[in-house]
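The form predicted on its own is given below as one chain in C-alpha cells.
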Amino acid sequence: MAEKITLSAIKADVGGFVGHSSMHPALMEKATESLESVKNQGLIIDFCVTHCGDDLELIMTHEKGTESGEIHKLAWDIFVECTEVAKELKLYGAGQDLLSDAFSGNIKGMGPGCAEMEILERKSEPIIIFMADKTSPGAWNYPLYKIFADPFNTAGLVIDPSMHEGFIFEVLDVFQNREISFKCPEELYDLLILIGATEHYIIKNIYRKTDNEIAATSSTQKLNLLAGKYVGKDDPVMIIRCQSGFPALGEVIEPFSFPHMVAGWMRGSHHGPIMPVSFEDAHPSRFDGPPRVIAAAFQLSNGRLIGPQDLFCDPSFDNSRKMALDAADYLRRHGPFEPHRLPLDEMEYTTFPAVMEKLKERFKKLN
C-alpha cells in the first residue's frame, strides 16, 4: 500500500531586507543548506525554499504526518539559524515572528504560519501553494469561496460529476478559538455571513463532500492574538489541490484576477488590494505594499516537488495588477481615515488607548 505524503508549508519573518520589503539571499542560502542536509539524512523527501516579501517560506514533503514534532522543530531550528544571520546583517525585525525562546513540541502558537495536509498521491497530483505578504489569513476567504462554492468561477461545480455535490468548509473563529463546518451549497448563505468578516472568521480547511478528502488548507495563526500585542503581520500561506475531482488549475487561480481588499498593508493597520505578482515582483515597497500574493505550482511525484511554476508570471494578470494599483491610489488618498485605515479595534499598531486615557477628563456628558 502506498504511503501517505505530508506537504508542509511553514513560514516566518526572521528579518527584512530592506525594512519589511524583501528577503536577503543569505537567509535563503542558510535555509537551503540546512534542508539539503536533513534531506540527505532522510527526514524529509523534498523541499523548496522561497520567499514572499520579507517572509521566508519553507515547503517540505515527508511521511511524518501533520503537526509532526520532528518537522516543526526542523522548521523552528532553521528560523532560529536564519535569525542569527539576520542579526549579523542587522536586517530589520530579526526573528520577529519567533515568539518563544525555545521550541515546545509544536510550532502552532509560537509565531510562524503553517499550512499542512496529508494525502495519498493520485495518479497525477497538481498542487498550488499561495503565499502572501502584508496581509492576514482572512485574505484567503474570498478566493476560497470563489474556488469551491461559486459556479460563476468554477465550472466544475456544475459540470464535473465528482465535484457536483459540493464541499465542506471548516471555519475558525479566531477570537473565541472554536470552529464550525458548513456543507455547501446548501449552507452557503450561513457560511457567507461569517466569512465575510475576514478578520474574525477564517476558512481553515476545505473537504470534498462525497468522500471527505482534503482539498485545501490555510494557515490561521493570528500573531497579534498569539502574542497579546502587535508583533508582525500574519502573512498567510495556503495549499490547494487541483484537477481530477478538485477545481482545475485555472479555476483555482481565477479569483486572483480580482484584487480584493484585505487587511494589512502598512503597519498591519490598513485595507489594501492584494496584487497577484511573479516571484520576481514579490517585494512590496510602496507604503509597504500594496499586499502581494504569489502562486507556486508543483506536481507531486512520490513526494518529490516537481516545480515550482510561477503562475502569476503571466501577462493575463496585467489588468489585475493595474486594477490593484488604481485601487491603491484611491485608498491612499484617504490617509488616516477609514476605510483605508482599519477600524480602531482591528489595528495592530494603535495609540488609541493612550490617547483616550489622556483625554478622558475632557469628555463631557451630554444631557
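We number the residues from 1 along the sequence you see. Not measured: the values here are computed from a predicted model.
There is also a form predicted in complex with a small molecule; it is not shown, and the following applies to it.
Chemist: Any idea which of 261 to 269, 177 to 185, 147 to 155, 69 to 77 reaches within 4.5 Å of the small molecule in the predicted bound form, heavy atoms considered?
Modeler: The contacting stretch here is 261 to 269.
Chemist: Could you confirm whether Tyr92 comes within 4.5 Å of the small molecule in the predicted bound form, counting heavy atoms only?
Modeler: Yes, contact at 4.5 Å.
Chemist: So in the predicted bound form, does any heavy atom of Phe352 sit within 4.5 Å of the small molecule?
Modeler: No, Phe352 stays farther than 4.5 Å from the small molecule in the predicted bound form.
Chemist: May I ask you to state whether Glu125 is within 4.5 Å of the small molecule in the predicted bound form, using heavy atom distances?
Modeler: Contact check for Glu125: no, nothing within 4.5 Å of the small molecule in the predicted bound form.
Chemist: Within 4.5 Å, heavy atoms only: does His20 come near the small molecule in the predicted bound form?
Modeler: Yes, contact at 4.5 Å.
Chemist: Glu199, Glu251, Glu116, Asp288: which sits within 4.5 Å of the small molecule in the predicted bound form by any heavy atom?
Modeler: Filtering the options by heavy-atom distance leaves Asp288.
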